[in-house]
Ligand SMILES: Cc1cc2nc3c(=O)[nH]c(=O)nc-3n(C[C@H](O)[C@H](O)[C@H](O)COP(=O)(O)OP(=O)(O)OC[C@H]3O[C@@H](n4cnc5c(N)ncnc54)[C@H](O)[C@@H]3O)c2cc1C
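Only one chain is shown below, in structure tokens, and it's the form predicted alone.
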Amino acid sequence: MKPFEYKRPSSLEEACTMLAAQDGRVKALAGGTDLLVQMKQGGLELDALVSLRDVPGLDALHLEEDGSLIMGSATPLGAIENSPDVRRAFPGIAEAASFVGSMQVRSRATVGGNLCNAAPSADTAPILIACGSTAVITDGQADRTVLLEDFFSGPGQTVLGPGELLRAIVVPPVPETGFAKYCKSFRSAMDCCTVGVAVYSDFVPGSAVVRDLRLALGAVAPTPIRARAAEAMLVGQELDEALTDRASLEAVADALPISDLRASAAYRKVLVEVLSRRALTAARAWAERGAVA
């Protein structure tokens, strides 16, 4: 690993000022489980790292009075996985966090790092997109917000500008008639996902009629995406087995996978159909058990 300067700011303003310097050859360091590996392997050369360890508020994790979830960007994935509040109110998010690496990795890796690394296969991205999450971005002086589905601009790229930092992720409350789940395909424990699919569905009370639905796909396009054609097919309809099968096939049309060492493009398309059916079947079963009654 080439030498670099290590900076340790104590405020958001100071951190953003440091990130704005050195012509982009500086990055924020939270857990470092992706960033330091990239630097060690020689794929990323930086002049400086700006540690977020001493910046207050970035490890926030709590439910607001309205039921929305606030996750500071430096919140460890292990804290999200094991939070009683998250497991109760947003079990799909806790489950997705538990899929990242090992217990040791999750004790260091952060939700902001997982998102800002902008890998198409990031496990937290599909479920947070499906839940309608918002990214709170700061320049140290003021905040701006973007829908998380608009946060990614390409593989390894986000909409963060020079001197900007992802401060928090805000997840809106899931209504009593709502359901969210993440499904992942991988070859072995701790492997990156081959395909990830997340569903959020809101049902008409007392029925399996879909009032709102978002289906997000990971590792099948340059960025995490929504399967909008499948979503449009489902809204306003009763989520029965036949419609689940048709929508799962429709989700494949939105996928633009590539072939790599983990899987061929053709196999990834098969997985999109399989995992979409699995996620939608779980949503349908949840409704049929009377959870929306």
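Fair warning: this is a prediction, and the values are worked out from it, not measured in the lab. All residue numbers are counted from 1 along the displayed sequence.
Below: the form predicted in complex with the ligand, not depicted.
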Thr110 near the ligand in the predicted bound form, any heavy atom under 4.5 Å?
-> yes
Can you check whether Ser201 is within 4.5 Å of the ligand in the predicted bound form, heavy atom basis?
-> no
Closest heavy atom of Thr177 to the ligand in the predicted bound form, within 4.5 Å or not?
-> no
Classify Gly140 as contacting or not contacting the ligand in the predicted bound form by the rule of any non-hydrogen atom within 4.5 angstroms, answering yes or no.
-> no
Only one of 202-210, 116-124, 215-223, 87-95 sits within 4.5 Å of the ligand in the predicted bound form by heavy atom distance, namely 116-124
Are all three of Glu149, Thr194 and Arg278 close to the ligand in the predicted bound form, meaning a heavy atom of each within 4.5 Å?
-> no
As a check of understanding, the residue in Ala255, Ala263, Leu35, Met233 with any heavy atom within 4.5 Å of the ligand in the predicted bound form should be identified as Leu35
Partner-free chain; cross-checking the ligand in the predicted bound form, the single residue of Ala28, Ala247, Val55, Ala227 with a heavy atom within 4.5 Å is Ala28
Counting only heavy atoms, which residues in 62-78 are within 4.5 Å of the ligand in the predicted bound form?
-> Ser73, Leu77
